[in-house]
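Only one chain is included here, represented as structure tokens and corresponding to the form predicted on its own.
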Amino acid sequence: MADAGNKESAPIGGDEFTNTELENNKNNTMVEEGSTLLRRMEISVAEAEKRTGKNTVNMQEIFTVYLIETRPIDAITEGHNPAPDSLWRRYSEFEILRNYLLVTYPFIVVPPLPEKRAEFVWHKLSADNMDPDFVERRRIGLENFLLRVASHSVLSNDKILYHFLTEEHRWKEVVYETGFQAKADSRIKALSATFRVKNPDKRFTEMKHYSDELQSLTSQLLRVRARVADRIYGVYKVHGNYGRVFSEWSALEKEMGDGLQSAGHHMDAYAASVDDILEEEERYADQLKEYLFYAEALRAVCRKHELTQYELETASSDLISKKQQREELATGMVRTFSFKGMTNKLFGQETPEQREAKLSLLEEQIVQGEETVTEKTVECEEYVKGAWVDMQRFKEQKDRDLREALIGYAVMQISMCKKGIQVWTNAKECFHKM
């Protein structure tokens, strides 16, 4: 369920980016505002294939690759049906793309990738990441990731994304040339900002708390669903025992035999139907898992804001300190206890020449500090503006997707119950005919 994307443009910001780098990011988009790649290109992850090759340490490994197919929309709308362009990508390459997007567009709630290994599985479901059913669900998840990114008004127009979809061999070189890895914030730095920021934006604090709760409640829901799936599987499969008993009993009874055997067939069919039912359930579970992982993406946007705000506060504090030092030097009065004040008392006052040199240096530092504060203020304001626009877009998308997923899940449960009623209704008819 890819979102059509928000048509408003969002400014690009980030604490590690200079004005030149910000401009480069803006230039890294390909088309006019409001247009998305998904309107110009048909994108699909058509199939998965298991391969064998050597890894980075020259050891043999088995891995899965995914076939990405693309076709221009113009050719399709004009009545042509050209063969799609195609290339193969590993899951790790999708990870590189997403990491690049996270660093380059920190104010955007970047869509998550499907799980690398199965989580919240019920006991009959394989947790092996090479299991064909799991690989197929991951293929669907990777396609959903690309559709979400390609329908986003900002992310979809990034040239690196276009290279990912169209250039099989040079793509990694192009993405690493951007230097995105060096711009990524360290976890320690972000954690430090969380605890040390003095004036956090209440909206982002509340959104961060919401992301924590969303992740917690979604994981609880997935655990409950896994337990229910276990019970449902057991209930359905035990109906196979009804089928076996009725079939054996039919051999014993002459008048009742046909009815018992028919009822047994209905029970056998009911027991066998659970595999398809729970396979459909997994698709709904994967939709919930997407928002489990989306919660971390939302939290990352909030953490980045804390870091940006903390750097603004640090720059402002440094500027105030420098201005106070200038005042103390100019007046010769020290307002608070300091090591400088103690050394002056012990070793005498500085000469006028030394004071003038320090004043001159402080003036330069104050000018630089004022420029830094102005720059950080603009950066923080732009980040807040861009992030808030995208978080509102995400909220609308989330509300719509989760509503559809939960309604679909409820409809599936109702259908499952109706099938159970129908099986026993058919069995009752069989018993009437005995």
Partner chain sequence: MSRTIDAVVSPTQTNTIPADISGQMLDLDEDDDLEVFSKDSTLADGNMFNASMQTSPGSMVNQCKFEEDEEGDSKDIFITVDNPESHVTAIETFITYRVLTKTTRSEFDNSEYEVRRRYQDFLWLKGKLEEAHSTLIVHPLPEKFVVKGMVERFNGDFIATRRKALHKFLNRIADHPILSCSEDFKVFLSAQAWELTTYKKQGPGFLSRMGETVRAVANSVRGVKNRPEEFTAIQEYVEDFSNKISCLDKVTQRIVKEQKEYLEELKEYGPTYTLWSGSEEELAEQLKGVAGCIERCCKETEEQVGHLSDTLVPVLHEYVLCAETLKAVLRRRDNIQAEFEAKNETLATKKVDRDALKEEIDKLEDRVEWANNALKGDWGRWQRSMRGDLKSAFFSTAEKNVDYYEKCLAVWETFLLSQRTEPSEETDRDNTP
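Throughout, rigid core stands for the largest set of C-alpha atoms superposing within 1.5 Å between the two forms. Positions refer to the first chain, counted from 1. Quick caveat, the model's predicted, so the values are computed rather than measured.
Only in words, not in the display: the form predicted together with the partner chain, which the text now covers.
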Contact assignment for the partner chain in the predicted bound form, among Tyr270, Tyr91, Tyr294, Tyr100, heavy atom within 4.5 Å: Tyr270
Selected contact from Ala182, Met130, Val224, Ala330, since only one has a non-hydrogen atom within 4.5 angstroms of the partner chain in the predicted bound form: Val224
Triple contact flag Leu252, Lys418 and His432 to the partner chain in the predicted bound form, non-hydrogen atom at 4.5 angstroms: yes
Contact flag, Arg39 vs the partner chain in the predicted bound form, heavy atom cut 4.5 Å: no
Contact of Lys398 with the partner chain in the predicted bound form (heavy atom, 4.5 Å): yes
is_contact(Arg403, the partner chain) in the predicted bound form, heavy atom dist at most 4.5 Å: yes
In the predicted bound form, Arg231 touching the partner chain (heavy atom, 4.5 Å): yes
Options 107-115, 356-364, 313-321, 252-260; stretch whose heavy atom lies within 4.5 Å of the partner chain in the predicted bound form: 252-260
Any residue of 200-221 that, in the predicted bound form, places a heavy atom within 4.5 Å of the partner chain: Tyr210, Glu213, Leu214, Leu217, Thr218, Gln220, Leu221
Rigid core fit then Pro112 CA moved by 2 Å or more between this form and the one not shown: no
Met256 C-alpha relocation of at least 2 Å between this form and the one not shown, rigid core basis: yes
